[in-house]
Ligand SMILES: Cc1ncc(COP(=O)(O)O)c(C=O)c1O
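Have a look below at one chain only, the form predicted alone, in structure tokens format.
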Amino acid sequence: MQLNKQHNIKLAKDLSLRKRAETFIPGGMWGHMSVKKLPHGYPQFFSKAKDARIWDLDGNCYIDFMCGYGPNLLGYSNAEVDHAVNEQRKKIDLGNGPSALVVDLAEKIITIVDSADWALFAKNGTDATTTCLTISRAATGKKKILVARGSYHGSAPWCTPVATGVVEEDTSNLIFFEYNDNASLEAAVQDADSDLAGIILTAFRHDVRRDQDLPKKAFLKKAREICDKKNAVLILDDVRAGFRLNKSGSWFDFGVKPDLTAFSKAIGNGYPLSAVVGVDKLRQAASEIYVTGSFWCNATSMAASLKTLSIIEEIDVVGHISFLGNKLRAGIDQIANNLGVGISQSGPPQMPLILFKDDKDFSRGKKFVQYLLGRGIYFHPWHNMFLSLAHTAKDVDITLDAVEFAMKKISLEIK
């Protein structure tokens, strides 16, 4: 597992495959997977992944701090999860109906998540958040959903951050407010008037290209109070943060219970699955809506999720990644302070974000992560990152050595 040691890594195979991809795939790649959104020199394609490391087509190895944009909670190719999947595949994966695992998994997630009395399953985060909106409207008979400005809830027309192809009708029943701003939230409630179906909130403010904000307890309590008073539904979009902040739900420590919670990403350690869990008062509405997909009940993904959830019951995953996240953050702060480089670190330590001050075009951030890439460290210049159970203290030490190298380069360029 030799990490890269030179800044200019070779990507000949990767570049060749990109040319082929441009012939057969519009734009060469789509959505958040496109490296056109990253600095020059990032690999587009990967050949293998294990634990906290990932390899590109050209054999370059990286300690990965993106974790597949979140799903890798326990480590890539976790032996226990993969064994459970392989054993289930021998029996049945996709059939005319689900395997018995769907009931086992519903029971399991209800025992773990504090605000769950029932569960249903889908395939990705957008499925889950969209289903939450549908249940909210079915239960209340109302239309308006309040959404924090800039929050990411998926890629369906109602929530996509890119307006191309979206028509006014797709978003006409959304009302926007500022995250963590009680006055802004109350103004949005007034705009909704008697037609308020629900409020959807991410676990914390994790908009890209800006400092992250943890939720204020008073703000969450205000949202809960409004929904109780208006007979509306409080929705927690826990797709990105779920099981990294608290296994019982990301708002558990705040003492605020959502009515609906959307999970995905880490729920199956990389196997495609999402879940919607809710409270009893929404059980009937959830049973009456029609949402489905041919692959929503694949038994292998449910086997993966059952094993993943069992592991987080047995092992303090949150404690492990919190410790490493704080170690990483403290080390980066010390290096930046010693070199006189202005940075901000925000959000929970399990999901770190590093931004450079006075870097509106992210030019410093882009150079920083390029230097790190050449030393075998995969960071992101403006998206929150992720830690996994497979990361070790030694990985963090290696990373901090690379950060010092990269930060010295940045400090010299600033001077």
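Residue numbers here begin at 1 and follow the sequence given. Keep in mind it's a predicted model, so treat the numbers as computed, not measured.
Although it is not shown, the form predicted together with the named molecule is what the next lines describe.
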| item | value |
| --- | --- |
| Candidate stretches 189-197, 290-298, 126-134, 77-85 - the one whose heavy atoms come within 4.5 Å of the named molecule in the model of the complex | 126-134 |
| Single option in Gly325, Gly154, Gly270, Gly278 placed near the named molecule in the model of the complex, where near means a heavy atom within 4.5 Å | Gly154 |
| Non-hydrogen atom contact Lys265 with the named molecule in the model of the complex at 4.5 angstroms | yes |
| Exercise: Lys307 in contact with the named molecule in the model of the complex, heavy atom 4.5 Å | no |
| Exercise: Lys144 in contact with the named molecule in the model of the complex, heavy atom 4.5 Å | no |
| Val233: touches the named molecule in the model of the complex, heavy atom cutoff 4.5 angstroms | no |
| Residues of 197-218 having any heavy atom within 4.5 Å of the named molecule in the model of the complex, listed in sequence order | Thr202, His206 |
